[in-house]
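Only one chain is included here, represented as structure tokens and corresponding to the form predicted on its own.
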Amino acid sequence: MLKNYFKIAIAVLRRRKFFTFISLFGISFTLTILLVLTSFLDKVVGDSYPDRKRDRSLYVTHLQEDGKDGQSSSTLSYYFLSHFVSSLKTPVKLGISSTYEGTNTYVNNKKIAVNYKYTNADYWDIMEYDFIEGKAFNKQQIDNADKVAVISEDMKRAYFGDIPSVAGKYIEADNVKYRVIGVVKNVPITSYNLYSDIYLPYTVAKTDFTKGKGYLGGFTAVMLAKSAADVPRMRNEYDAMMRRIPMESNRFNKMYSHAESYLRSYVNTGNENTSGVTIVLTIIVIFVLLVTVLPTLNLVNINITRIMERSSEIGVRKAFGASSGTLVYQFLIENIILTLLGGLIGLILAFVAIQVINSFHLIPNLVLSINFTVLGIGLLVCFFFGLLSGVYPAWRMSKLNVVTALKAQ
């Protein structure tokens, strides 16, 4: 039966080429946009490089202080993280890193934009960067304030050119020379807490981060639990710590900071009253609705026209005993086949669009791809799209009176 429906669907599509073209164009164009968006989201939040231990990690990225005269919100100070957060018992490691800062350096009179950040030693034990050569700096080198650096592969290429090894060579950033001891695979700038061109020991910074005792600053942290089962306990311990910490100033009477999952920390707005997750989900839902609703309505109208043109066929089949349910089933199958064909074209167009986007390097180090997750979501959207645009026309068709349908011819 399904095979017959498939043959009928192909015959109908070939008979009405204009309607078929309009339908396939709308479906494929819509799915191309959705697949590119899915690929982008999958890369931004799904790619776990270099923090591959997310299942047992919690991220601390913001602190908010409220008072009668206003509020302050920012990333945290090194003092807050090393003094309070490091006192927690459940985390086995506490990786601390600064937000990246930008500067310029010059090679053969050519200006190169450089982003650099500072880290502690635990950061390299938690994060699993792929080292192309060399290794990370250790605690001893940090304590000694050795001027050593780990650089990205893009930075290696931009600063040194295409030479096989740069370990032991010197790179200048912010008017200071550092000895390169490691080169790591690039991190997309969308992973803004982990991205940098140059990674440096926090002890070589021109500002001594260990002196100040303010709570706000330019650092974030990753707490690593011994196992995933310890993560809830680690979160509870952090919340309990926050309740004990004295206010930084009498200007404030409330203080908020949370140990969060990667996704929640990624979209953290820094405002306790505004959920980043809600904002992002709302934006995605509105975007998807805008992209899908109009093509769906157009496809519904086209399907109604296409089906009503076959009223004589419907009348004959009903006269010979075909039930409304059978006809609805047939037209839904036809519509899903049409949608899947559009989905296949959309997949090809999405692949081409992603290659074009990657070639333009619109977002540094972000390389989009179509993987099984993207394919699965695309297939699900195709199926949903086919059902959504086929149910109403099929229901209209099932209500046709036999005599009316035959007279229509």
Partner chain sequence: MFKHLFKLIWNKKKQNFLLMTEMLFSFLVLFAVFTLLVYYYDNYKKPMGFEYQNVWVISYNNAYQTKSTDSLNTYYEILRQNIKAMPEVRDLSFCSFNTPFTNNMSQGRVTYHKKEFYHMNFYTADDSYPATMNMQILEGRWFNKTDIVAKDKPIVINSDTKEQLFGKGTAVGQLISNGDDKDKMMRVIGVVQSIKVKGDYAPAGLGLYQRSDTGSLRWFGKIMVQVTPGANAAFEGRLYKTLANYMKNSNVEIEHLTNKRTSINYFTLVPMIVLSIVGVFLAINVALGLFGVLWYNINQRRGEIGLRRAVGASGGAVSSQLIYESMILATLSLIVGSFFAVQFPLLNVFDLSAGIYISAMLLAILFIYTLVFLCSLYPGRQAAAIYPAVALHEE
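Numbering follows the first chain given and starts at 1. Bear in mind the structure is a predicted one, so any value in this text is a computation, not a measurement.
The form predicted in complex with its partner chain exists for this protein as well; it is not shown, and the discussion that follows is about that form.
None of the heavy atoms of residue 41 is located within 4.5 Å of its partner chain in the model of the complex.
Its partner chain in the model of the complex is approached by residue 116, whose closest heavy atom lies within 4.5 angstroms of it. Although the partner is absent here, residue 11 lies well away from its partner chain in the model of the complex, with no heavy atom inside 4.5 Å. Residue 143 falls outside the set of residues with a heavy atom inside 4.5 Å of its partner chain in the model of the complex.
Residues with any non-hydrogen atom within 4.5 angstroms of its partner chain in the model of the complex fall in just one of 240-248, 87-95, 145-153, 201-209: 201-209.
Note on the partner interface in the model of the complex: the residue among 324, 236, 104, 253 having a heavy atom within 4.5 angstroms of its partner chain is 104. Shown without its partner, this chain lists 291, 181, 121, 332 as candidates; in the model of the complex, only 291 has a non-hydrogen atom within 4.5 angstroms of its partner chain. The partner is not shown here, but in the model of the complex the stretch 279-314 reaches within 4.5 angstroms of its partner chain through a heavy atom at 287, 290, 291, 293, 294, 295, 297, 298, 300, 301, 302, 304, 305, 308, 309.
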